[in-house]
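Here we start with a single chain on its own, the form predicted on its own, put down as structure tokens.
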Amino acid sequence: MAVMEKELPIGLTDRISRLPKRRLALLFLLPVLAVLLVYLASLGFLFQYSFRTFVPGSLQIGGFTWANYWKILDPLYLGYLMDTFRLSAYTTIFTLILGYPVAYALARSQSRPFSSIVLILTVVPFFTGVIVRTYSWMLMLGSSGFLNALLLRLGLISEPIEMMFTETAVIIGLVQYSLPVMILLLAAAISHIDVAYEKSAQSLGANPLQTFLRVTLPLSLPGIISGSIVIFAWTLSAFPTPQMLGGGKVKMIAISIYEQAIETANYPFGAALALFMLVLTLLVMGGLQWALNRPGRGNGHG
């Protein structure tokens, strides 16, 4: 009996699965290579612009010069750099202090509904843009905002407190912006700590506080350092929050780069500042990472 066999069309998935492993790996690497190429090209342009002369009143750039990097050593810009590192350090510390208890509760809670609620509350801010979140803080911290109105109504203050356009407002905004990331990183680190260590400490007579201080906290140190590195590096380049809550009175280096590149069209100096900050950030991250993995430190979890 003649059987009419109709060849089924080969789908795209089948064709991909039949490719040799090397070609398949290359296929998946192509998007990564494309993004890397664009990134390196933009860095190359930035590097080239940072060594060119600024021509006032023109979008054209002049010849080679070292002046842009010498200009960074001006006390004005060194002050911006110091302020940036100081505010980032404060943000990292406060984010860690506020985030650790939440992360601990998220990782150690035996109640699934409670963990789900904490996780949802943690990730909800990711669904709102940084502009929206910062604007909400403007409404909260303004002279006629919610916080001042509440304190006035309670009789705790006689006149509104100036909170907007201060370093305090910027730190509050940056902490709120960074907190979800710190919580998730810490929760991942704590959840990898074997509870058997804590139970062993308690069986030897340690109370809950001693167990936390002598077992849980040291074992979560790699997660603490990793989270601190991420938040510190992240806030070093923060722009919308310092710009909106600082109101031009609190200068971080990203704001200075924006002013040079956009407002004064001094692209060469803006490029020099950006590259200088990038190298400085990489050095800080590398130094902290070396401190984490230096010889003599045991490998921890996280």
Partner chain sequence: MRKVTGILLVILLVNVLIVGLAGCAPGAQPAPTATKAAAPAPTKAAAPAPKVESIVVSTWGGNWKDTLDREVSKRFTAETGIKVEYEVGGTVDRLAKARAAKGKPQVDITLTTTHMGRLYISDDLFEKLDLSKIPNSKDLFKEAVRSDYHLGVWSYVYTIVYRPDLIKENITSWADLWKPEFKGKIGLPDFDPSHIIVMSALLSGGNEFQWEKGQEKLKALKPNIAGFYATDAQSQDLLKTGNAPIEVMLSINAFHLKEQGVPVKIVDPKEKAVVGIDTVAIMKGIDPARREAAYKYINTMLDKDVQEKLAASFKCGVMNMKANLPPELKGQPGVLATPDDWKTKAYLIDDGQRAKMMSAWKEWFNREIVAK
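Residue numbers count along the first chain shown, from 1. What you see is a predicted model; the values in this text were computed from it and never measured.
Below: the form predicted together with the partner chain, not depicted.
Undergrad: Can you confirm whether 71, 76 and 282, the three residues that make up this candidate site, all sit within 4.5 Å of the partner chain in the predicted bound form, judged by heavy atoms?
TA: Each of the three qualifies.
Undergrad: Please identify the residue among 199, 108, 86, 192 with any heavy atom within 4.5 Å of the partner chain in the predicted bound form.
TA: That would be 86.
Undergrad: Which residue among 30, 37, 262, 67 has a heavy atom within 4.5 angstroms of the partner chain in the predicted bound form?
TA: By the 4.5 Å criterion, the partner-contacting residue is 262.
Undergrad: How about residue 186: is it within 4.5 Å of the partner chain in the predicted bound form, going by heavy atoms?
TA: Because no heavy atom of residue 186 falls inside 4.5 Å of the partner chain in the predicted bound form, the answer is no.
Undergrad: Given that the partner is absent here, does residue 143 sit within 4.5 Å of the partner chain in the predicted bound form, heavy atoms only?
TA: Residue 143: contacts the partner chain in the predicted bound form.
Undergrad: Give a yes/no on whether residue 96 approaches the partner chain to within 4.5 Å in the predicted bound form, heavy atoms considered.
TA: No, no contact at 4.5 Å.
Undergrad: Hey, in the predicted bound form, does residue 230 get a heavy atom within 4.5 angstroms of the partner chain?
TA: Heavy-atom contact with the partner chain at 4.5 Å: present for residue 230.
Undergrad: To test your reading of this chain, name the stretch in 210-218, 150-158, 172-180, 135-143 whose heavy atoms come within 4.5 Å of the partner chain in the predicted bound form.
TA: It is the stretch 135-143.
Undergrad: At a 4.5 angstroms cut-off on non-hydrogen atoms, which residues of 46-73 are near the partner chain in the predicted bound form? List them in order.
TA: Read in sequence order, the residues that approach the partner chain (within 4.5 Å, in the predicted bound form) are 46, 49, 54, 56, 57, 58, 59, 60, 71.
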